Each structure stands twice: as structure tokens, then as C-alpha cells.
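Presented below, as C-alpha cells, is a lone chain in the form predicted on its own.
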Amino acid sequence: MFVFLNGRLIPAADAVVSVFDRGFLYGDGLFETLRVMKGVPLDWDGHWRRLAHGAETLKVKLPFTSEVLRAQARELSRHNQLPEAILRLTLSRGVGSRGYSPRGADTPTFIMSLHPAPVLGPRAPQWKLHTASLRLPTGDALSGCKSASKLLYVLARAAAEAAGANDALLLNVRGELAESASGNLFWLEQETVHTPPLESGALPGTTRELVLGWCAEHRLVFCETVAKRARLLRASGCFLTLSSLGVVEVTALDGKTIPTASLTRRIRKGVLSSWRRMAKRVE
């Protein structure tokens, strides 16, 4: 297996990063996760915009252009003979002086790696959620980017798995629905699609945007809704959106059943069709 490290494709076993890299020491960096289909990184522009926004927020200079990295990502897929994969982009501020100050850390570290992709079967995966005790902040500038500092999500996911669930439901400090540890949250009330507003602490997910665009195209009513956890238990359906799996159906929350819905299946089909069109356009 080869990875892209600072401009070169090298064997993964030889890919090393300094123990003084600030991404390792402080989580001082960003990452993105993309699905690769037929060798094509899906929704590259959407992920690149979020990465560029995060780099501007952190004041870290991206060492390569979007065009260069997109071409290198496709080459990485070809080189590893992995046309179906998960692509991770990692940007760190790089090596600097000891301490929190970023002064002197002027050479960022950039990595792209490929990983086996979960199979996109005819049915959506069905997950159980467990409500996390940890809470997300609201109005946080870092909630708009995929920061490498994800300890809250790690602990929430670990607690969910210990409770026999697949993922964690995350609420914000006001007790409002925000997202899951792995993706954006949606729920259905009859034929209306709801999702928490980004101001609730949710990440601006690329698949989230794809779903909202699909709803608008098909004249489905959708709302960015501030709501509490109890509203999910009254929903006619619930799902998550992830760049790796598209749409995942939620069937239970804290041991209580949430019904499945035909609309969820329609939305998942729409997301997968959009992905296939993206891959076909670039072939």
C-alpha cells in the first residue's frame, strides 16, 4: 500500500511523521474523508472548500492546489489498484517549537491515504444510536471544519459501543440535537425532512448538502429545525449522512425503536445515484 506524503507516493511502511509534529502533539490540523468510486474522489470540490475554510480558520497554508491533489488522489487509487476506497486527507501545521504557540511551524504536513471501502449494498445499513453525555459547544468557529482534535467524538463513540449501539447521538450544551459522532442527523415527520441547523454545533457535511439539494430538486419540504432528543422518538423515520456510506438508517435510540421509512430509502437511492453520476462524469 502506498500513501501520498508531502508530495511523494511512498510505501505506507516508510511513511513517517516527526514525533514533534503539532498534529500529533496537539491535534493542530484538519482532515477530510471522501468516498472513491471507480477511482474518482466523490464531491472533491465540496470537501476541498471545507478543507480550505478550515485552513484559513487555523491560518495554515495549504501546500498544494486542489487540482494537484485531485490528480494525485486518482493516481494513488490507480497505484494501489483500489478503485473503490475511502480516501483520507490529513493536514497538520507541521513541526514547531515546544508549546502551544504556532510560531515557527511554517512547513505543513500533508498526507493522503486509502482504506477499504464499506460495501454499498441494496439496503441502507441500520444503526442504533446512544445519546452521549458529553455536549457540543454552540457558536464555535471550529465546528465548521473537520479539526483533528476529535477526542469528544472518540469518547462518545466508545460509550455508544459499550452500550451496544453503533454510534453516538450528540446534543449541544442547550440539550438540542446536533449530529452523530460519525455524520449529520436527519429525521422525518411524515413527508417533511428535518435536520439541525449548523448553528446547533453540527459539521457542514458534504453529504448533508447533497441531501438538501436532492430534497429541493424533488420538491420535498425540508427544514433546519432546533429540537430536543424527544422529537426523534416521535419521528416517522431517522437517518444519518456520511461520506463513506451515504445514508445510514437509524432504527433505535437508547433502546427505543424508531420506525423505518420508505422516504429514507428514496433519499439513499438519490444520494447513490448522484455519486454514480459524479464518478461517470470524471471517467
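None of the values given here were measured: they were computed from a predicted structure. Counting begins at 1, following the sequence as shown.
Missing here is the form predicted together with a further copy of the same chain; even so, the following discussion is about that form.
In the predicted complex, a further copy of the same chain lies within 4.5 Å of some heavy atom of Arg98. Taking non-hydrogen atoms only, Lys146 approaches a further copy of the same chain to within 4.5 angstroms in the predicted complex. a further copy of the same chain in the predicted complex is approached by Thr90, whose closest heavy atom lies within 4.5 angstroms of it. Taking the partner from elsewhere, Ala178 is found to have every heavy atom lying beyond 4.5 Å of a further copy of the same chain in the predicted complex. Site residues Gly23, Gly27 and Leu58 are all in contact with a further copy of the same chain in the predicted complex, judged by any heavy atom within 4.5 Å.
Contact with a further copy of the same chain, judged by heavy atoms within 4.5 Å in the predicted complex, is confined among 70 to 78, 105 to 113, 205 to 213, 191 to 199 to 105 to 113. Scanning Ser244, Thr225, Thr251, Ser236 against a further copy of the same chain in the predicted complex with a 4.5 Å heavy atom cut-off leaves one residue, Ser244. Contacts between 121 to 159 and a further copy of the same chain, taken as any heavy atom within 4.5 Å in the predicted complex, involve Leu134, Asp140, Ala141, Leu142, Lys146, Ser147, Ala148, Ser149, Lys150, Leu151, Leu152, Tyr153, Val154, Leu155, Arg157, Ala158.
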